[in-house]
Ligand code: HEC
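Take a look at this one chain, the form predicted alone, written out in structure tokens.
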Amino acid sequence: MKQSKGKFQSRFLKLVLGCSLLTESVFFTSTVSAQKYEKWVAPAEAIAQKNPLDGNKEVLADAKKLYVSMCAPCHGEKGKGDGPAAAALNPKPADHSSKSVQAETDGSLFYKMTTGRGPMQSFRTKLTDAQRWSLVNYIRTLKK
């Protein structure tokens, strides 16, 4: 089979571009997965923010439903950071039952849910402020 020079050059160019994009994609993916994350610390004003629902146990039933649907895929139903999506994430999801997470202020947890970072998505537009505060209250029930 004879190919015209133009068709051959066109196919060759597509092959080169395809390989180039594939190489770039693999490089980007490996760079992102190898990326090291510094400890995530909320800004001082967020840390100091007070939870308007602090101690409100009435929100816990709805918060648990929200947690199971929005948080458990990564953090696991018991908050241990072992949800079904956790294996593919870097860094791994936080263990909400751990001493370090439980030691964070409500404002810090609210800030992290609101802003997101890396694979942790922002819930600023997905959940209301009240829903995010209620999730903070629910996370407090996950202590070890």
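When you see a residue number, it is the position in the sequence shown, counting from 1. Just so we're clear, the structure is a prediction, and the values are computed from it rather than from any experiment.
The form predicted together with the ligand exists for this protein as well; it is not shown, and the discussion that follows is about that form.
Although the ligand is omitted here, in the predicted complex none of 62, 97 and 130 has a heavy atom within 4.5 Å of it. Contact annotation: residue 57 falls outside 4.5 Å of the ligand in the predicted complex, judged by heavy atom distances. Using a 4.5 angstroms threshold between heavy atoms, residue 50 stays clear of the ligand in the predicted complex. Proximity of residue 91 to the ligand in the predicted complex falls within the 4.5 Å heavy atom cutoff. Using a 4.5 Å cutoff between non-hydrogen atoms, residue 43 does not count as a contact of the ligand in the predicted complex.
Scanning 113-144 for heavy atoms within 4.5 Å of the ligand in the predicted complex gives 113, 117, 119, 120, 121, 123, 127, 135, 139 in sequence order.
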